[in-house]
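Below, in structure tokens: the form predicted alone, a single chain.
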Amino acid sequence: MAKTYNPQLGREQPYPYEHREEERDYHWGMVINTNRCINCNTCSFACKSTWTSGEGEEYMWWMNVETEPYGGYPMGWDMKLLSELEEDQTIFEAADADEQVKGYIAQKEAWEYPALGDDQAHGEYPRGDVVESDLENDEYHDIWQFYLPRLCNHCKNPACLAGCPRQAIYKREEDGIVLLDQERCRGYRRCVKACPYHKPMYNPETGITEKPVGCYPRIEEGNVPRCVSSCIGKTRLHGNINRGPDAASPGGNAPGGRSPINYLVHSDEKVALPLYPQFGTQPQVFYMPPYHVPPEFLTQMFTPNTDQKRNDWPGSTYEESVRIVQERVRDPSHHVLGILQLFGATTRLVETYTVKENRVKGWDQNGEKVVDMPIYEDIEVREGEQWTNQP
């Protein structure tokens, strides 16, 4: 296998295909703020009504929301594979001699409960005094849960692409979206087995596999995916994850510099983490972790599976990284607070932005301003009529 550097792991790892010498200017990416998700599943139904409403697609939820710590679709999708990986071992390094990727195909029963865990929380309700959280003193409520929206990560090391013997899966040159060519697909389900996130899904009616398409028709028009535009909780921000601090202006009066999601993920003020980076796929969906959940749980979910910290995330250990990111999410800086106002503010892709005193502005890929809003809303208290039940 070829070797590629994985910044999420902070080391080189094997991958069946060589990477481009230079990173593409644009790459599909998303940041999700889990603290805003209310499990309404508006995103799930928006995605399904758009992409998977045909025959054989009944069980296909390309976008789903899971309740942690007991949810999962398919059931146990993460723990089953993680239990078969050794410490600091990716799914490419753990593969058998005759395969490119370590994986498994979930059985039919595992797909029958898409809402598993919705009514479950961690811990038992205490008797007596109410248990309160004191995050500043590192004390967390005994009972907790949070919602985890899940979708195709359009990885930079796609396991589905690596596992396909037909080369029916490819990354688009212009934006890194991972697509499946159904004319080349023969339904071997190698991609279904390879993807650790279980997003390629086999259609028994057509005999070929389907996978999420990243809403590429909307992306081509400069709009955000359906799951982003439909989210009532304003949990998501989509854009160009590769647009760094040295990027030129897209045109017009738009400033140069980072995209907002690049800042949240790659700046020194990092506040978003990838889901199970230990798989080695370099997922490009990043999560602002819930700040009320014990960091011990989040460490195994959002950081590499090793005690030796190699990457440039904050802190000296991965658990410390999680604690720092949690604190930054709980008490955001003025700049991060400004970016948070961009979540759900427009259906246009925000390519670049500025955060000034009390305003945040965003420009699209054409240099057209699409967002201009205050960070703090003025509050006006009106004195109403004094009602009384006296005659």
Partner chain sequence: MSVPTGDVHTPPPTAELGWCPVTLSRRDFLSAAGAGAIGALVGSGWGASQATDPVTSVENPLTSYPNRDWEQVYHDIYAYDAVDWTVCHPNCTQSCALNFYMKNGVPIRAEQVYHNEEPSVGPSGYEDAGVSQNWNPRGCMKGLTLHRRTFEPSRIKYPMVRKGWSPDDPNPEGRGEDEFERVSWDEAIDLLAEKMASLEDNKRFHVFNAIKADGLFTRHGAGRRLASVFGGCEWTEYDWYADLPPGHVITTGYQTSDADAADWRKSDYTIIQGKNLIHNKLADNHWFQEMRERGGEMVGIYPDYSPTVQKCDRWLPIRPGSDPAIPLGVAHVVIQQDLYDAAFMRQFTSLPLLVRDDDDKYLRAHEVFPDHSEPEGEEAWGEFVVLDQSGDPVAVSREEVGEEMPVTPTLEADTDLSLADGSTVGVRTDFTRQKTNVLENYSPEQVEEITTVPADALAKTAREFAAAENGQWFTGEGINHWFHGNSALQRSIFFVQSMLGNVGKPGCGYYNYSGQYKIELLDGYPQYVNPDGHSAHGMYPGYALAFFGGERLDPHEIRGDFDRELDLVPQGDAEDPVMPKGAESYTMSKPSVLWTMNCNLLNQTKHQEHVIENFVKHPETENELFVVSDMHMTYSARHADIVLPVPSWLECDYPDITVGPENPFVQMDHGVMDPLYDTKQDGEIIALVAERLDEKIPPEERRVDSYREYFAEFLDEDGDVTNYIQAAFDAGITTQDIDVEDLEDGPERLNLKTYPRVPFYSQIHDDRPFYTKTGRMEFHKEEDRFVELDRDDLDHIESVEGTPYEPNAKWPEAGEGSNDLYEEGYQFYYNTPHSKYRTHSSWGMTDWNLVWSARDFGSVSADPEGTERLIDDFSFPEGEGDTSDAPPLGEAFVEMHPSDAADIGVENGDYVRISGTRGDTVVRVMVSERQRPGDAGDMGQLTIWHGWWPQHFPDDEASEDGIKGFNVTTNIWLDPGQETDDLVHKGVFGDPNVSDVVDEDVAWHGAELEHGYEETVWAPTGVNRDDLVTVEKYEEADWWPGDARRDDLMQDYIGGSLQGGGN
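Every value quoted in this text rests on a predicted model; they were computed, and no experiment measured them. Numbering follows the first chain given and starts at 1.
The same protein also exists as the form predicted in complex with the partner chain; that form is not shown, yet it is the one meant from here on.
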| item | value |
| --- | --- |
| 4.5 angstroms heavy atom contact with the partner chain in the predicted bound form for G367 | no |
| The partner chain contact in the predicted bound form: Q284, any heavy atom under 4.5 Å | no |
| The partner chain contact in the predicted bound form: G233, any heavy atom under 4.5 Å | yes |
| Close approach of P158 to the partner chain in the predicted bound form, 4.5 Å, heavy atom | yes |
| Residue among D246, E183, D268, D138 with a heavy atom within 4.5 Å of the partner chain in the predicted bound form | E183 |
| Heavy atom contacts to the partner chain in the predicted bound form at 4.5 Å, residues of 47-62 in sequence order | K48, S49, T50, W51, S53, G54, E55, E57, E58, Y59, W61, W62 |
